[in-house]
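Below sits a lone chain in structure tokens, taken as the form predicted on its own.
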């Protein structure tokens, strides 16, 4: 990977470069209070882009996997039926995407593109997506109390899967190219070669930032083992399920969740459309079958499935990563305090109690 240095005042010129290349640039903005969001950059709001701010609750994965996406249209005309697929191939760049969200998109890549069947709708959106990763270096604004990317091995600085990475060094930024498309931006005069002192400063900053994370879910390995072996007790799952309000919030803010449902709906007298919509395993109808039978009627059984899907060795081996990126959003939005860090701790505590009672003395 090649790296370059640029002045702080020139960082937004990268946005200008991408817009000049006909990219629709998505960047982070600050709303009222804690509210932050990703939105399209225009001439009017360009100066309001913020590099350091709390990570938006609504993940940027929606720009490659929309919350609601039309797949095809069906028309009745001239005595027959016409089926027209609806493909969208936007040329889009996400500027300032965090390392955890970057890992989430990589997980979606493995799910939708990495096996025998490739999702053509996802593939067309992903093909022209340019990702500018921003390393989290401001512990007061970038890192919340719930962030645990250091435990999921996704941050605060991504190691790959970006086109360009930016890291704040103070008065300067370091830019690292992850792809030929990212390296092509270095032709601009705003970039210059750095020195050993810039690399040392990068290492120093990252070492200090890693110490500022308050949530350290260091028992992931134990939890993965217990979930993979099916050794988590029914009592523990019931305890987790009793806290769940079945709102689905954890799924809708998760950068790595992949579940969706497909629905047909009328849009005109002789026309219907088929849409793909995000779905959630927390909802009671998620596993309901056509005849009305639901094999996972109880909420704790659905919680069981959610964490099995995210942490079991079978899925990690298949998709080369666990379906948790350490962003902390589930912990932020859950009213029952069963976000990933809490569940890992509950399973760890239960496994410790089992080990204590099974210990044999002589």
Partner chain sequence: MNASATENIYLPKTAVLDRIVTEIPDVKTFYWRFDDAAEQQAFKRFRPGQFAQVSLFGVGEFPASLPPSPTEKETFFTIRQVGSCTAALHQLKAGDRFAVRGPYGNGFPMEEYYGKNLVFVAGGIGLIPLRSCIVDALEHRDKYQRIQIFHGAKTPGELMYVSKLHEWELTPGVECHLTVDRAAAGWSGNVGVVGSLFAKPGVHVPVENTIAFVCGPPIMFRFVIKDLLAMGFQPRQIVSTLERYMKCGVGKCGHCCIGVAYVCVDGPVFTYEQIANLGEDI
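Since the model is a prediction, treat every value here as computed from it, not as a measurement. Residue numbers count along the first chain shown, from 1.
The discussion below concerns the form predicted in complex with its partner chain, not included here.
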Consider the chain as shown here, without its partner, and state which of 111, 130, 219, 191 has a heavy atom within 4.5 Å of its partner chain in the predicted complex. 111
The one residue among 48, 305, 62, 52 placing a heavy atom within 4.5 Å of its partner chain in the predicted complex is 305
Taking heavy atoms only, is residue 33 within 4.5 angstroms of its partner chain in the predicted complex? no
Answer for residue 72 alone: is it within 4.5 Å of its partner chain in the predicted complex, judged on heavy atom distances? yes
I'd like to know whether residue 184 contacts its partner chain in the predicted complex, with contact meaning heavy atoms within 4.5 angstroms. no
Does any heavy atom of residue 315 come within 4.5 Å of a heavy atom of its partner chain in the predicted complex? yes
Which single stretch, out of 204-212, 93-101, 274-282, 238-246, brings residue heavy atoms within 4.5 Å of its partner chain in the predicted complex? 274-282
May I ask you to list the residues of 236-267 that have any heavy atom within 4.5 angstroms of its partner chain in the predicted complex, in sequence order? 258, 259, 260, 261, 262, 264
